[in-house]
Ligand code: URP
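Here you get one chain, nothing else, as structure tokens; it is the form predicted on its own.
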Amino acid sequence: MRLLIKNGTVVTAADQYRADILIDKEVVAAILRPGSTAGADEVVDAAGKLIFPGAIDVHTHFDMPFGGTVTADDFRSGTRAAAAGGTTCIIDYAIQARGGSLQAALDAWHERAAGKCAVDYGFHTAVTDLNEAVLAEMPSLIEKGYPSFKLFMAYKGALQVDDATLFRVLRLAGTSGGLVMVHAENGDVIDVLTREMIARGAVEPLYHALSRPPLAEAEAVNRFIALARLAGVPGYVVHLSDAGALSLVAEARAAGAPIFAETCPQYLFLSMDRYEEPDFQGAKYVMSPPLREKGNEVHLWRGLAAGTLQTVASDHCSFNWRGQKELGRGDFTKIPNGAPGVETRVKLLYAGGVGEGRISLQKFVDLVSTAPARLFGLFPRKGTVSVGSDADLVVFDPEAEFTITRAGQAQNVDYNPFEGFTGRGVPEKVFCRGKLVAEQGRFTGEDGHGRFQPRTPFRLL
């Protein structure tokens, strides 16, 4: 079926122009002058609307075991929520089991996702238990379409790796076309502080944040940058939350080091005072790194505008407040870490960024779509509007008003951390490879439409 989207304003990371877009066989077949008479089976009138490439969320956790429970969103509900919010491709994390292989982790996550995804998807591989066999797997995984590897510098005794492991993975991945990503917090310091707080009865959600101070993040970011530079390879910091850590990334990039970083909407719109909400409601915001003091977000917005931060991902890791977050009543270490956000990321960044004059329209598209596609081996198949690229398109109404509520969400979780937030700019129609998967914030697609996306090796562009 040939679909024509007409009379809209196309926005890419580099350009903005009026055009009609013809879709055929899941790809953009032609970009035509407005008012074209191209034959089509269906026509969508996008007058007054923006058309930009489908958003790509490179940091989600669906159907993930954590702390004795499993995330509230699996690949079915999670990718439905992604579609409703304007995201047409996600990259999740396949986490290596202790003593297991990386391929076994990928096999397990493929099984979790099979037949459920409403939008396209891929996987990073999380390395938690390094040995020679695991190192030997990495080049072949890169060739198979899994060019990114995550390591944790925190969660001591569970996921945390030592510096030798991190350095070895950096050297091998970086010279084989891989990109190493890190959760950057000093897990040893956090472990000491956590034990001290629990011992003195400081067990409320606020103490989760106080046990993970900004300097613990900045130190780990500094150490990761040093190791990547010693290895002579690129590196990527996930969910950067702190102004001090941001300044270290800026300094490294100014010196020519290929260091990249993402932040998340929660660090742009929420602050540490949320942990003091009564009746254990503060547990809703327990995540790692934690929310920071009010005013920290100003530096992150500046980092986005300046290009110090390359992407905005959701780090969607949803746990219900009732029955899951409540596991930590009386002990903050038992609160499952994470919050939902895949559904609200795009409109929050547009409203708070473009709408408030903090970033340009082109920068917005770059942050949510183009830069993720370039960094993670999906460009130009995804992340742009060009002839031959996948017809992943968002028809976006920049004037439509929204109010975020739990009741109106597709995410399978009993709260929304951005409850009550208002703004302008919503995805009106969302197409994944030419198929309408969401309209007016409601999922309209099919489970299983999403297709696994092998990715190309990392290269500096």
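Here the structure is a predicted model, which is why all the values come from computation and not from measurement. Note that residue numbering begins at 1 and tracks the sequence as displayed.
Below: the form predicted in complex with ligand URP, not depicted.
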Q) ligand URP isn't shown here, but in the predicted complex which of Asn320, Ser288, Gln160, Gln362 has a heavy atom within 4.5 Å of it? A) Ser288
Q. Quick one: of Lys49, Lys429, Arg433, His61, which gets a non-hydrogen atom within 4.5 angstroms of ligand URP in the predicted complex?
A. His61
Q: Counting only non-hydrogen atoms, choose the one of 330 to 338, 192 to 200, 375 to 383, 292 to 300 that falls within 4.5 Å of ligand URP in the predicted complex.
A: 330 to 338
Q.
When ligand URP is placed as it is in the predicted complex, are Phe149, Arg168 and Tyr236 each within 4.5 Å of it, taking any non-hydrogen atom of the residue?
A. no
Q. Phe66 near ligand URP in the predicted complex, any heavy atom under 4.5 Å?
A. yes
Q: Although ligand URP is absent from this view, report whether Tyr207 comes within 4.5 Å of it in the predicted complex, heavy atoms only.
A: no
Q) Does Tyr155 reach ligand URP in the predicted complex, with heavy atoms at most 4.5 Å apart? A) yes
Q.
His183 versus ligand URP, in the predicted complex: is there a non-hydrogen atom within 4.5 Å?
A. yes
Q | Stretch 33 to 48 - residues with a heavy atom within 4.5 Å of ligand URP in the predicted complex | A | none
